[in-house]
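Just one chain is shown here, as structure tokens, and it is the form predicted alone.
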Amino acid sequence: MKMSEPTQFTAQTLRGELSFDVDMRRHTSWRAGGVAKRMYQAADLADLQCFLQQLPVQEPLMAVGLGSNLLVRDGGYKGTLLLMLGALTELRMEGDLIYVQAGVAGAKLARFAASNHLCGAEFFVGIPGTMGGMLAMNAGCYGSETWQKVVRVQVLTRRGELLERTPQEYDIGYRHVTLRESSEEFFVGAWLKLEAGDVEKARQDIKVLMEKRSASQPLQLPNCGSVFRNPEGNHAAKLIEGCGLKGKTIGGAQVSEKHANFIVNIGDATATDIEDLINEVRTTVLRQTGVELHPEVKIVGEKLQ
């Protein structure tokens, strides 16, 4: 285990990498943000359990995958981040179900399903995240959502207890998942049920969806995917564009000229630039249309004083 300062953790029992003062520009898809006090990338699920069992319960804690729906304010995050990417990477068939861990990216899952002659996972290529984040927010696109495929999930509690839960234990909606009982826990895996299908058709559908995504989204610039949820019966991008906000810039952050529900980093944007632009878009849309937009992106940490 890599360390750069004294810690209460028992190095002999941990096999992952513990880092300090981590620049979150390297771990968020916006390539912006402050410093996290600590980050732990576990060796595997058992190692992550061990880490959580040693972590003080008062320590602020958050899981991170690709960092595609995350903005860490410039003042930094004064807690510990659990890096799922590169840590929880198991992906396998278990009978007729797919078992996928929290650090597996959506595109990899879609291709794995197709290679096993299963269909219904193609939409995952359009989600710029890992399974843990997709479960946490019921991510979706192209008419499908993550939890439509879930049979059961695997979670770790704040104290490192490994549990399995069913969808019936959650309130699940559009970009919303809440456990019905009060408990701080993290998604670490899921079992998905997909239908048997034509592998070549599934691969072709994946190719078409990837081409559609590339054609309609500003993938050449750092971004977090869709910034705002779509209001019921409407589209955030349409509202933003209708308010004349395409191309609106604050510092190094810009409302994309290609897709109005994307905010892109056009050059050294700070987290403050991005958050200020999010707030400017919300305020303008509300004033002009009466519709309140709600961000999909999670904003954490402290502002610079």
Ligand SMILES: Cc1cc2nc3c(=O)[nH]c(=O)nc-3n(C[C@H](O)[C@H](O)[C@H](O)COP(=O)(O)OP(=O)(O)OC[C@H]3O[C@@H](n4cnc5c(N)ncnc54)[C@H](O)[C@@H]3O)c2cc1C
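One-based numbering along the sequence shown. Nothing here was measured: the structure is a model prediction, and the numbers come from that model.
Just so it is clear, the following notes concern the form predicted in complex with the ligand, a form of the same protein that is not shown.
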Non-hydrogen atom within 4.5 Å of the ligand in the predicted complex for each of 234, 293 and 295
no
Partner proximity in the predicted complex: residue 45 to the ligand, non-hydrogen atom cutoff 4.5 Å:
no
Whether residue 137 contacts the ligand in the predicted complex should be assessed with a 4.5 Å heavy atom distance threshold; does it?
yes
Spell out, yes or no, whether the shortest heavy atom distance between residue 213 and the ligand in the predicted complex is within 4.5 Å.
yes
Spell out, yes or no, whether the shortest heavy atom distance between residue 32 and the ligand in the predicted complex is within 4.5 Å.
no
Determine which one of 193-201, 89-97, 121-129, 176-184 lies within 4.5 Å of the ligand in the predicted complex, judging by heavy atom distances; exactly one does.
121-129
Considering 72, 113, 153, 224, which brings a non-hydrogen atom within 4.5 Å of the ligand in the predicted complex?
224
Heavy atom within 4.5 Å of the ligand in the predicted complex - residue from 260, 64, 264, 36:
64
Heavy atom within 4.5 Å of the ligand in the predicted complex - qualifying residues of 82-113
84, 102
